[in-house]
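Only one chain is given next, in structure tokens, and it is the form predicted alone.
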Amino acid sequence: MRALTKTTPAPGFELSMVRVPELGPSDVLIRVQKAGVCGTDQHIYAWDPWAQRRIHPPLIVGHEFMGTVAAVGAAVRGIAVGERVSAEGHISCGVCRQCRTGEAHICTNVKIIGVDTDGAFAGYIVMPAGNVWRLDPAIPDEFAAIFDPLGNAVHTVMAAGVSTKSVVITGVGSIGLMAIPVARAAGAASVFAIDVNPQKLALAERVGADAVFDARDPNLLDEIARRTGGDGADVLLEMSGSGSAIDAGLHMLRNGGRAALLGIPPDDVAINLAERIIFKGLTVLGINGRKMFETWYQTEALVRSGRVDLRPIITHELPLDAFADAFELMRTGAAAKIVLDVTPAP
């Protein structure tokens, strides 16, 4: 099968032919049709400090996908060949304290596809049957392929408790953009989006932000304070991973506010904890992945209801062979969400 692989500890990927993965008795073999390109993939492609610490080549990359069931293991029940599916990309151990207490998304021994184990930028992927998610027929393939990042947005918004609150989103890449309609659907009173990319800020307005701001605006803090009655925002959804954005976002929060941090910094971040968090009495949440499977049900409900429309956010659909173009579009900020067609051309 074709697979996009990180072969060496250096920038870039290679598209090559590799063996189809073997199917275990409790596994499902999925023929991948569409796969989303994620910021995490960009970290790995660029081989930044985070990737250098976490990734151990060789590795097939990619963790957002949908496809059809090609085969099932002998012990699998309730999943049939030909069914249209996606899958939760965090493979939990099932026996650690977190797994046993309903927090499998932060499993101590978690393996993430495309990060810790082979991923979905390939003709086929093997997943444990318990991770497979049967797709509603009403959900388009390109939407289904990015339920993983949409689930991140849903998890972040729901954990932050945005109902009736003023919300600041720092970083409107694909997940930050998704968080805007999700926050609206969850009852946010106002949503303010902050970034440095004018194209993405325009897109943020299109998908429902009340106002958008350039992060470099010297009057930004005063403007957020003015729009929130002088108190500061109730909730921060941090989606960028930028140290300066994290600092500014925490600064914008009112005393007693709530911050949900999802963005992955490429390296260590310095924060004045006393001024930004402790003296303000903030609640700070680290958000990782999706709750299994509460977030998946929430995500499906939001898409099926039409309250979250991903069409404006999917700016490019490209064949797998054009992966270099996809990552250049990501690097320059010219794309929001890219979906790759993994199916080989006739």
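Bear in mind that the values here come from a model prediction, so they are computed numbers and not experimental data. Each form is matched to the other, and the largest set of C-alpha atoms that superpose within 1.5 Å is called the rigid core. One-based numbering along the sequence shown.
Separately, the form predicted together with another copy of the chain exists; it is not shown, and the next lines address it.
Peer 1: Hey, in the predicted bound form, does Ala71 get a heavy atom within 4.5 angstroms of another copy of the chain?
Peer 2: No, Ala71 is distant from the partner.
Peer 1: Using heavy atoms and a 4.5 Å limit, would one call Arg206 a contact residue for another copy of the chain in the predicted bound form?
Peer 2: Looking in the predicted bound form, residue contacts with another copy of the chain do not include Arg206, since no heavy atom lies within 4.5 Å.
Peer 1: At the 4.5 Å heavy atom threshold, is Gln42 in contact with another copy of the chain in the predicted bound form?
Peer 2: No, Gln42 sits far enough from another copy of the chain in the predicted bound form that none of its heavy atoms falls within 4.5 Å.
Peer 1: So, Ala225 and another copy of the chain: in the predicted bound form, are they within 4.5 Å at any heavy atom pair?
Peer 2: Heavy-atom contact with another copy of the chain at 4.5 Å: absent for Ala225.
Peer 1: Name the stretch: of 246-254, 139-147, 170-178, 118-126, exactly one has residues whose heavy atoms fall within 4.5 Å of another copy of the chain in the predicted bound form.
Peer 2: The contacting stretch is 246-254.
Peer 1: Could you spot which one of Ile264, Val196, Leu220, Ala211 gets a heavy atom to within 4.5 Å of another copy of the chain in the predicted bound form?
Peer 2: If I apply the 4.5 Å criterion carefully, the residue I get is Ile264.
Peer 1: With another copy of the chain left out of view, which of Leu201, Val235, Val85, Cys107 would have a heavy atom within 4.5 Å of it in the predicted bound form?
Peer 2: Contact residue from the list: Cys107.
Peer 1: Which of the residues spanning 280-307 lie within 4.5 Å of another copy of the chain in the predicted bound form, based on heavy atoms?
Peer 2: Those in contact are Lys280, Gly281, Leu282, Thr283, Val284, Leu285, Gly286, Ile287, Asn288, Met292, Phe293, Glu294, Tyr297, Gln298, Ala301, Leu302, Ser305, Arg307.
Peer 1: Any chance the CA of Ile106 moves 2 angstroms or more between this form and the one not shown, core superposed?
Peer 2: No, its C-alpha moves less than 2 Å.
Peer 1: Determine whether the C-alpha of Arg84 shifts by 2 Å or more between this form and the one not shown once the rigid core is superposed.
Peer 2: Stays below the 2 Å threshold, so no.
Peer 1: Ala129: CA shift of at least 2 Å between this form and the one not shown after core fit?
Peer 2: Ala129 C-alpha, core-superposed: shift of less than 2 Å.
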